[in-house]
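First comes one chain, alone, set out as structure tokens in the form predicted on its own.
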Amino acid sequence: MTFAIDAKGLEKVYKGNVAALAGVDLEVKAGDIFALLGPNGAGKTTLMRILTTQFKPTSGEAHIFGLDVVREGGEVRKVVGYVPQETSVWSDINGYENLLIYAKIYGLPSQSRKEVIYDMLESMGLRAAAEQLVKTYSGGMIRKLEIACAMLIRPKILFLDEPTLGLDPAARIAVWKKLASFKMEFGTTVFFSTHYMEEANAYSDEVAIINMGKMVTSGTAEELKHSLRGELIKVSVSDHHVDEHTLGLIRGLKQVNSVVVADATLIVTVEDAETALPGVMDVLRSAEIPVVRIATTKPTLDDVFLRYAGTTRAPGAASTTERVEEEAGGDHRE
């Protein structure tokens, strides 16, 4: 089996003794679409920047198609494409000119640049907008242009940090159709981070969840959902606080596998929701906790994320690690 990524014991410590990665082990099969999930500050961006040779790890090692990301960084950069979360194209020039700049950076032969650029614009559905200023593009068009820039060299692996963040549903689907076509046409491995669980569920071959700099679980989306074993009882209790004593009583009930509180919702994983529900409700009534709504469902990837990452924090809230990365302005190896 060929691995696009093989990492062992990766650690990254920033100045101030802030640990972004705390011993990450990771294997990604060549040709897969791999989703990395985790709350803000979990280490997703740091890991991606190490794998794309932008940062050096404090310890551990990582290989991209057998190439060491530290000792063979120049060779690694020849086989990877990277699209960061922040905008990576120029808005005051047109789409063609953006691709031309990247073509020169990548060292594409001058005699073939124009053909390669227009082929990529055509592939991404941007041919008609090639001469338009990027500042007139929609968010989806800009993201497709950024992916086109990264795909100019036909990389063996494409890294995408939150590739569809902020895009409307139609634009997100369009971007993923193009990414899936690259996998089929060129055999490109796609490694992406996302807060959209439905994207990881629909498009990935494998999913991993990282939290506090450590990989906490991995597998296919179906395997991860099945790992919760059983069904979910979701009880909305409005803004009422469910104390630890009450949670302990629920955990002690027969058939209850786990209990998590997310915002104002109590999520109870059970073997069978129909038989377990009366016991859960008895505990809540005894504690005089008002119930607003009750639902029983099968586990989703959102539930898996909550179970293993322990948070429902939405995109946007900057974490300590992310602030350290932003303030560092580059790599600081400790």
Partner chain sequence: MNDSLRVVLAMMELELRRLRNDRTEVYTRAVQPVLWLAVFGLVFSEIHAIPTNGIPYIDYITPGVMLQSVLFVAVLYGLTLVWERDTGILKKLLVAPASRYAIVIGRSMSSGVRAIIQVLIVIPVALLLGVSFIPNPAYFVVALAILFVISGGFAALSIIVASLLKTRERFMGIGQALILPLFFASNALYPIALMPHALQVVAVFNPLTYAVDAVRGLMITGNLALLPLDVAVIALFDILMFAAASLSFRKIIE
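Keep in mind the model is a prediction, meaning the values are calculated, not measured. Positions refer to the first chain, counted from 1.
Form predicted in complex with its partner chain: not shown, discussed below.
**Student:** Is His241 part of the interface with its partner chain in the model of the complex - any heavy atom within 4.5 Å?
**Tutor:** Residue-level check for His241: no, no contact with its partner chain.
**Student:** Residue-level contact is defined here as any heavy atom of the residue lying within 4.5 Å of its partner chain in the model of the complex; does Glu231 satisfy this criterion?
**Tutor:** No, Glu231 is distant from the partner.
**Student:** Indicate whether its partner chain has at least one heavy atom within 4.5 Å of a heavy atom of Trp90 in the model of the complex.
**Tutor:** Close contact exists here: in the model of the complex, Trp90 approaches its partner chain to within 4.5 Å, heavy atoms only.
**Student:** Test of understanding: in the model of the complex, would His63 fall inside 4.5 Å of its partner chain by heavy atoms?
**Tutor:** Although its partner chain is absent here, His63 would stay clear of it in the model of the complex, with no heavy atoms inside 4.5 Å.
**Student:** Going by heavy atom distances of 4.5 angstroms or less, which of Ala262, Ala170, Ile105, Ala128 would be at the interface with its partner chain in the model of the complex?
**Tutor:** Filtering the options by heavy-atom distance leaves Ile105.
**Student:** Of the residues Glu162, Asp205, Glu72, Glu97, which one places a heavy atom within 4.5 Å of its partner chain in the model of the complex?
**Tutor:** Result of the distance check: Glu97.
**Student:** Counting any heavy atom within 4.5 Å as contact, can you tell me which stretch out of 274-282, 302-310, 44-52, 289-297 lines its partner chain in the model of the complex?
**Tutor:** It is the stretch 44-52.
**Student:** Does its partner chain, in the model of the complex, lie within 4.5 angstroms of each residue among Ile101, Leu133 and Glu146, using heavy atoms as the measure?
**Tutor:** Yes: each residue has a heavy atom within 4.5 Å of the partner.
**Student:** Let me know which residues along 60-84 have a heavy atom within 4.5 Å of its partner chain in the model of the complex, or say none if there are none.
**Tutor:** Contacts from 60-84: Arg77, Lys78, Val80, Tyr82, Pro84.
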